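Form predicted alone, single chain, as structure tokens, below.
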């Protein structure tokens, strides 16, 4: 897979998403929030709306607004509660309320300043407001920088399933300022590492080995290590999204670990586990299912479990009745005709979307459940 896996310097790097007229750049580096060049060349509009949350807003919103003042006549702001539990219709409407009460027009640019929840909700609001306005992703978590801010998938949750109501809507730019990760709690760093780790088994064995060698540096917030992890993750995602923007086939491989993970989130209640924690555990279960189907050697399951645990993530699934697991996974967007379809490892560095017998899935859940 190209481009080559090389370590970047801390100077800004650009990864391009090639989607014709919807193409855009991901900018990765330090001190990007305060650099005027980060914000030049974006859609021209009189109004801008910064969407953030109660944790991130007090830290960074005023700095972003100061930069945007040079590009927009008005820079408005709406602050949402923090957390996955608030990724719903009620709080999405707060974005629309702010836009409408301010009389914002169809050229208004939305800026998503926050993690994956803020990014998903802002993108969905931008897709819907006046049938589509531009937006810019300014991800402040590692998980958002390496995954959710890239690729244009936007959504809110439904009590019956995660991200079940949404739209594809590509951002105009993604600004990954590594300095914004300095205020990230260790638990959030670990959650982000789950989405970094997933790229190795499905696309790049060399990157998987690099992550294993640098996992302590990544957890400690080492900037060169983070820069490489973010850049390589974005390169792989850009390569996939450029070929399958709307998840008609190849892009589904980016959901490795997510079928089990989404079931954990929905089953426990959104916010009980962080998304990355659920995905980390889900990857271990998906790897085991791959091995039981004869797609990979059983040794890879242990290798991946050790890395996930070393990243500070759970490798034991929560206790839920097996039928509840199956019920939740049948709501997964990859399911077809009620048949659950999993992203599995088809030899290290390759992935495939496959169905599996319910009995085998139950065995995997029983093996890795907290009660085991």
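Under this definition, the rigid core comprises the largest set of C-alpha atoms superposing within 1.5 Å between the forms. Small disclaimer: the values here were computed from a predicted structure and weren't measured. Numbering follows the first chain given and starts at 1.
Keep in mind that the form predicted together with a small molecule is not shown, yet the notes after this line are about it.
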{"query": "In the predicted bound form, the residue from 123, 261, 116, 200 that sits within 4.5 Å of the small molecule by heavy atoms", "finding": "116"}
{"query": "Among the candidates 84, 204, 212, 277, the residue which, in the predicted bound form, approaches the small molecule to within 4.5 Å (heavy atoms)", "finding": "84"}
{"query": "Interface membership of residue 59, the small molecule in the predicted bound form, 4.5 Å heavy atom rule", "finding": "yes"}
{"query": "Exercise: residue 143 in contact with the small molecule in the predicted bound form, heavy atom 4.5 Å", "finding": "yes"}
{"query": "The small molecule contact in the predicted bound form: residue 188, any heavy atom under 4.5 Å", "finding": "yes"}
{"query": "Residue 184 within 4.5 Å of the small molecule in the predicted bound form, heavy atoms", "finding": "yes"}
{"query": "Region of this chain that lies against the small molecule in the predicted bound form, out of 91-99, 293-301, 71-79, 155-163 [heavy atom, 4.5 Å]", "finding": "155-163"}
{"query": "Residue shift check between the shown form and the other one, rigid core fit, residue 242 Cα at least 2 Å", "finding": "no"}
{"query": "Rigid-core frame, C-alpha of residue 152, shift of 2 angstroms or more between the shown form and the other one", "finding": "no"}
